[in-house]
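Shown here is one chain on its own, the form predicted alone, set out as structure tokens.
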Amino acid sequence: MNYWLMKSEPDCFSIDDLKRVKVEPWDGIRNYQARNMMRDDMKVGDKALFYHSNASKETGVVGVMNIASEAYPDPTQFDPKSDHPDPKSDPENPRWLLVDVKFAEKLPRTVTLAELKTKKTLHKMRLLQKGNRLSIMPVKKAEFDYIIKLSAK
């Protein structure tokens, strides 16, 4: 099993939205490295930390979700009215992919980015590395478990 951190802006799609709809396509990824991770490394059943980025209240980890599908073409790339169109993407050879995610749990509290930065245990976590702005990134099992424990405090 692999572990991930996946970012979403809460005014666009939040943990509460996922809790309400249960399963949702994780669309709009327009970064080749993130796309390749979904395509090559994500598997059904993998776990992901749901991270609210650019949040008006608190930026941080707010929940857990499961990867619910293999990667498949993101239909928003072909829709000029979507928030994420890509007129250069070809339906015969789609450029962008997505996976479906399934709600697992909302954490008892947000584990903020500021708090994560104070934990020596997490100092090598990819999220905390300078210049890392990926919306999807791998997380080590120990990091995943530690963050879940932090949320209960």
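What you are looking at is a predicted structure, and each value in this text was computed from that prediction instead of being measured. A residue's number is simply how far along the shown sequence it sits, counting from 1.
One more form of this protein, predicted in complex with the DNA, exists but is not displayed; see below.
Undergrad: Should residue 14 be classed as touching the DNA in the predicted complex when contacts are defined as heavy atoms within 4.5 Å?
TA: Heavy-atom contact with the DNA at 4.5 Å: absent for residue 14.
Undergrad: Hey, in the predicted complex, does residue 124 get a heavy atom within 4.5 angstroms of the DNA?
TA: Looking in the predicted complex, residue contacts with the DNA do not include residue 124, since no heavy atom lies within 4.5 Å.
Undergrad: Even though the DNA is not shown here, does residue 113 get within 4.5 Å of it in the predicted complex, heavy atoms only?
TA: Yes, residue 113 sits close enough to the DNA in the predicted complex that at least one of its heavy atoms falls within 4.5 Å.
Undergrad: Applying a 4.5 Å heavy atom distance criterion, does residue 59 contact the DNA in the predicted complex?
TA: Answer yes; at least one heavy atom of residue 59 falls within 4.5 Å of the DNA in the predicted complex.
Undergrad: Sort through 42-50, 65-73, 102-110, 81-89 and report the only stretch with a non-hydrogen atom within 4.5 Å of the DNA in the predicted complex.
TA: Of the options, only 81-89 has residues within 4.5 Å of the partner.
Undergrad: In sequence order, which positions of 1-36 have a non-hydrogen atom within 4.5 Å of the DNA in the predicted complex?
TA: Read in sequence order, the residues that approach the DNA (within 4.5 Å, in the predicted complex) are 7, 31, 32, 33.
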